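Below, in structure tokens: the form predicted alone, a single chain.
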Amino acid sequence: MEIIALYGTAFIALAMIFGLYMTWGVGANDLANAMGTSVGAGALTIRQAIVIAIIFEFGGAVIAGGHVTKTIRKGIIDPTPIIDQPEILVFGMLAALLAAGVWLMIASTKGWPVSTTHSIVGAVVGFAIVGIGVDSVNWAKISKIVASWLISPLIGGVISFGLMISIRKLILNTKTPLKNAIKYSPAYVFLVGFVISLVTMFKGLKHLNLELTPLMSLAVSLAFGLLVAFAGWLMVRRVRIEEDEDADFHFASVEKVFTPMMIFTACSMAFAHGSNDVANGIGPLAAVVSIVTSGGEVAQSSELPIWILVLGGAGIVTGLVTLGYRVMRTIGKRITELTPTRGFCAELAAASTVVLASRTGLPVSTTHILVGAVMGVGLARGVGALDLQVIRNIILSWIVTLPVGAVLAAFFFFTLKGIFG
């Protein structure tokens, strides 16, 4: 308790710095993955993707980012053995933030699309093992999270595969693909608005004290989906079609129709990412603030200040702007060849999976989901459409991330303990 009273201000300052650093890494790596699909499909320039991310990533973090934060904070370790030594937990959370931030900086510099969720979970587990004990880790919870890392890309891949097959049957493999693309485009855009809105309305606004009944949530989501569909219809009508283009590429006009539609999926992907992955950086930060402001009490639950969500959103956006282009190239260009129709399916599937996961409080990896969704789109054209060597390297980077985060966190924990203890 004395250490908390003596260095409390310094701990909060370090938590803010390390939290900003960690969320910077989230933006440079994970958000870059999320936006890389739109850039790789040629629907958005890097500058346009950054502008969309600034608005919707920040919005997702602040509006719907509170629910999953509690899972990262409370579910992974049991702090009961150190209830009389709250400074141990403070050292551990600071070490976890710094360890994850360092690894993400290295990976982003190299252009490796690693999992920020892997990074922070591995770091928290690494600190807990050396700082509290092996038994303090909730291994059942860890196993569920590991299962989600396997299940989430599968779900993303299945959804994107199904969407791609529907586009082929309803549009591409018909006698009038352009006419059908214009006809069905509002329905696909409606799905984007409806899915994001529905799940956010159901569970995503509790920390804003905005409670809606299921019927009210459904009505709001339907209205929002129709509004988005109308906006998409207006944008599609403005697309200039040149019939000569189809002489070289039969579906060039169809791809032009889907290009403006990818703006909506990019927005939803950024919002979905902000709602889920902001927890990776601000969860440990919230824990430190709670312990210090309560005078050393290791509470099981506490209010999440809005300024922490704002800080997390700002860090993520800054990371994308400064270094995100490197990872963006990997996810958008190298797994499979993307066009606007394929990119649309991948992003809609990934956004749906991420937001559903964030509403259930399960800290899934956006990287895993998006890679799974892009693979699903590629599989719709056959295994030969995928670059299996690139996929293998990506999976290897996922495997390495968790133990690296754990080792770095253990090192930083002993360093901080030596400085302040």
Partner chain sequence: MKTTNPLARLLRRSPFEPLQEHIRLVALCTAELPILFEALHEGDRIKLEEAADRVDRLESKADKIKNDLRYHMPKTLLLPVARRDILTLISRQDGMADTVEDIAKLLTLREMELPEALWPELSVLISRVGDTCEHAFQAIETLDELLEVGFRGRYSKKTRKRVTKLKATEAETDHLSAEVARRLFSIEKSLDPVSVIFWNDLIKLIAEVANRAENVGDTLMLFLAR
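Bear in mind that the values here come from a model prediction, so they are computed numbers and not experimental data. Residue numbers count along the first chain shown, from 1. In this text, rigid core is short for the largest set of C-alphas that superpose within 1.5 Å between two forms.
Just so you know, the form predicted together with the partner chain exists too; it's not on screen, but the next bit is about it.
Using a 4.5 Å heavy atom cut-off, which residue among Ala229, Ile291, Leu338, Ile145 comes into contact with the partner chain in the model of the complex?
Selected option: Leu338.
Quick one: of Ile129, Val158, Leu172, Ile182, which gets a non-hydrogen atom within 4.5 angstroms of the partner chain in the model of the complex?
Among Ile129, Val158, Leu172, Ile182, a heavy atom within 4.5 Å of the partner chain in the model of the complex occurs only for Leu172.
Of these, 52-60, 349-357, 39-47, 364-372, which stretch puts a heavy atom within 4.5 angstroms of the partner chain in the model of the complex?
Every other range fails; the passing one is 364-372.
Does the partner chain come within 4.5 Å of any heavy atom of Glu87 in the model of the complex?
Answer no; every heavy atom of Glu87 is more than 4.5 Å from the partner chain in the model of the complex.
Should Val383 be counted as a contact of the partner chain in the model of the complex, where contact means heavy atoms within 4.5 Å?
Output for Val383 is yes: heavy atoms within 4.5 Å of the partner chain.
Give a yes/no on whether Phe251 approaches the partner chain to within 4.5 Å in the model of the complex, heavy atoms considered.
Flag for Phe251 set to yes.
Consider His118 of the chain shown here, and say whether it contacts the partner chain in the model of the complex, taking contact as heavy atoms within 4.5 Å.
Although the partner chain is absent here, His118 would stay clear of it in the model of the complex, with no heavy atoms inside 4.5 Å.
Looking at the partner chain in the model of the complex, which residues in 17-31 have at least one heavy atom within 4.5 Å of it?
In sequence order, Ala28, Asn29 come within 4.5 Å of the partner.
Quick check on Ser185: with the core superposed, does its CA move 2 angstroms or more between the shown form and the other one?
Shift of 2 Å or more: no.
For a quick test of reading the superposition: does Ser143 move by 2 Å or more at the CA between the shown form and the other one, rigid core aligned?
It does not reach a 2 Å shift.
For Ala41, decide whether the Cα shift between the shown form and the other one is 2 Å or greater, given a superposition on the rigid core.
After core superposition, the displacement of the Ala41 C-alpha between the shown form and the other one reaches the 2 Å mark, so yes.
Relative to what is shown, are the Cα atoms of Ile331 and Val121 closer or farther apart in the model of the complex, where the gap shifts by 3 Å or more?
The answer is farther, because the C-alphas of Ile331 and Val121 separate from each other in the model of the complex by 3 Å or more.
Relative to what is shown, are the Cα atoms of Val383 and Ala346 closer or farther apart in the model of the complex, where the gap shifts by 3 Å or more?
Relative to the displayed form, Val383 and Ala346 draw closer in the model of the complex - a change of at least 3 Å between their C-alphas.
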